[in-house]
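Same chain, two forms, each on its own as C-alpha cells: structure 1, then structure 2.
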Structure 1
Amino acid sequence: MRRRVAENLVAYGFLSAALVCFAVFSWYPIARGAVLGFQQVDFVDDPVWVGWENFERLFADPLFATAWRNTLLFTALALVFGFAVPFLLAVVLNELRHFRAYFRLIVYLPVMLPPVVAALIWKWMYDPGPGLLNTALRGLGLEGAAWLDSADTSMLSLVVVATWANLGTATLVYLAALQGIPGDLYEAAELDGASVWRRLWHVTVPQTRFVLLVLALLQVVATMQVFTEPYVMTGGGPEDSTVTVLLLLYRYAFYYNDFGTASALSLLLLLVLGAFTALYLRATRKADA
C-alpha cells in the first residue's frame, strides 16, 4: 500500500511540469474562453457579464457575414486545390522511376519557409507590372491579372499561395500511402481489362481512402483558420474581399480591444470546426482500433 503511494508520488513528480503547463495554457483558457464570450472585457475595467450582447453585436456587423463567406470560399478553393493537386501529383510521382528524391525535395521545400516569407515573396510575384506571374503569363501570350488588387481574384490568389506553400506535406503523405498498395491489386484489375482510369478509381482511391479522408478533414480545420496570408498580403482588402473570420477576430480583439466579442466569434468558430474535428477523431480512432 505504502509502495503504491510512493510510486504515484514519483509519477506525479514527473507529470507536474506538464500538468502546470497544460492547466495554465490549455485547460484554463478553454474554460475562460467559454465565459469570455458572454462578458465585456477590456484592459481598463473588470469584466462585466453581458449575456448574448456580444453575439448580437457580431450579427449586426456587416463584416460578419462577409468574413464567413470569404472564409468558406477560401476553404472550398483550398480543398479543391490543396486536396486534388497533391493527390494527383503523388499518383504521377509514384509512377516515375527517376529523380524521385529530387521531386520529394522540391515539393517540400516551400513547407520549410516561414509563412510570412512565402506570403511576402508571393505578394511581390503577384505585382501586376514586373511580377513574375504576369511576366510568365505574358510570355505565354496570355493577359495578366490584377491578382491581389482586384476583389474578383484576391481570394484565389491567396489560396494559390497557401497551396503552393503547403502541398508538399500532403503529397508526401499520399506518396507513402500509395507505396503501401499491394501491386497484385493493379495486376488483377488489369487482367480484368480495367483501364488506367478505372484502376485509379477502383484500386488507388479505395486503398488510400482513409488517408484521403483524414487529410481532407485536417485541411478544412486548418484553412478555416486562415490568418497569415490575408494579414500579410492584403490586410483584408480590396473591398473587404479577403477579410476572414480569424482576421475579423483579430481586429475585434487587438484593434478594438473588444475581447468579449472576439471570444463570441471564437465560440461560433468552435461550433463549426467542432463538427469536422469530431469526424476527424472518429476516423483516426477507427483506423487505430
Structure 2
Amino acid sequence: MRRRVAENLVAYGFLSAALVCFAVFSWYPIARGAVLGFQQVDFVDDPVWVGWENFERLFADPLFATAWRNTLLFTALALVFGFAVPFLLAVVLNELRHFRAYFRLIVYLPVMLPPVVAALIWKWMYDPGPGLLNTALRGLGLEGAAWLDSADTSMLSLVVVATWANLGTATLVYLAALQGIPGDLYEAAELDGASVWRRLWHVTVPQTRFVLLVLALLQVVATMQVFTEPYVMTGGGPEDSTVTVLLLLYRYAFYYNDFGTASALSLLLLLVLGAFTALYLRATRKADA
C-alpha cells in the first residue's frame, strides 16, 4: 500500500487542489444543507434542532404539491421541445454544405446571453400591449394572446424561452455526434432503398443513442431546477401556475427567512433527482445488456 501511495504521490498532489475545491464548495454545502433541513435557523439566532418539523411544514403547505406539479409539467414540456428540436436542428445542419459555420454561430448565440437578459427580452416580447409577438399577430389581423398573464399559456411560454436559451449547446453536441457516424452506413441504407426517415430512425438514432441518453438525463436534472424564467418573467403567477420547486425554495429562504424549511425542500429535491438518476442509469444499462 505504501509503495502504491509513493508511486502515485505526484498524481495525488495534482488531485489535491481539485479535491479541496470540491470539498469546500460542493460537498460541505451539501452536507451543511442536509443538517439545516432539520434545524430552525435564520442566521441571526443560534440554530435549534427541530427534527422533522420543517418537512411537516412543507407537506402542509398547499404550494408544495403545486410547485412539484408545475415543475414536472415544465420538465415534461421541456423534454418534448428541448430534446427533439435541437436533435432535428442538428440533423438539418449536418446536411448543409454551405454556410454551416454561420448557422452554427446563429444557433449558439442565445447561449451567450446572460439568462436574466434573455428572460427580460422575452418578457417584453410577450407583453400583451406593445410586445413584439402580439404586435405581429395584430399586424396579421389576428387577436393577441395573454402569454404570461394566463394560467393556460404561461407555462408553455416559459418552456419556449428555456428551449430557445439552451438550444445552442444541445444542438452542437448532437452535431458533433452526427459527424462521427460513418458515411458508409448511410450509403448502405440508401442502396437498400431506405427513405430519409428510415435512415434517421435506423442509422442516426442508434449511432447517437449514448449521447441522446446522456443529454436526456442532464436535461431532466436541469429542468427540474428551473428558476430564472419563472422568477424573472412571472414571479410564480398567474394563479401560482408557474411556481416551481426552486422558486418556492427561494420564497422560504428570502421572503419568509425560513432557511431550515428551504434546506429541507432542497434536500427533498436532491433525493428525488438522485433516485431518478440511479433508476435511469440502471434502466439504460439493462437496455444495453
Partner chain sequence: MRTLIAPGRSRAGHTVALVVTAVVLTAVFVVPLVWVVLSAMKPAVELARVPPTVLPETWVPGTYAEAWDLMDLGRYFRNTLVVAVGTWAVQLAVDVPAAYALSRLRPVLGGGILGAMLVTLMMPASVLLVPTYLTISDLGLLDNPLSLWLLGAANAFTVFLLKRFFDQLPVEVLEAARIDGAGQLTMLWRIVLPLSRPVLAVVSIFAVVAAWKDFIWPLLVFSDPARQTLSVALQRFAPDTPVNLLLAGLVLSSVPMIGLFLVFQRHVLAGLTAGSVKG
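Values in this document were obtained by computation on a predicted structure and should not be read as measured data. We call the rigid core the largest set of C-alpha positions that still match within 1.5 Å between the two forms. Just so we're on the same page, residue numbers count up from 1 along structure 1's sequence.
Structure 2, rather than structure 1, originates from the form predicted alone. Positional change of L271 between structures 1 and 2 stays under 2 Å at the C-alpha, relative to the superposed core. Residue displacement note: T169 has its CA displaced by under 2 Å between structures 1 and 2 (rigid core superposed). With the core held fixed between structures 1 and 2, T135 has its Cα displaced by at least 2 Å.
Taking the rigid core as reference, the CA displacement of W27 between structures 1 and 2 comes to 2.7 Å.
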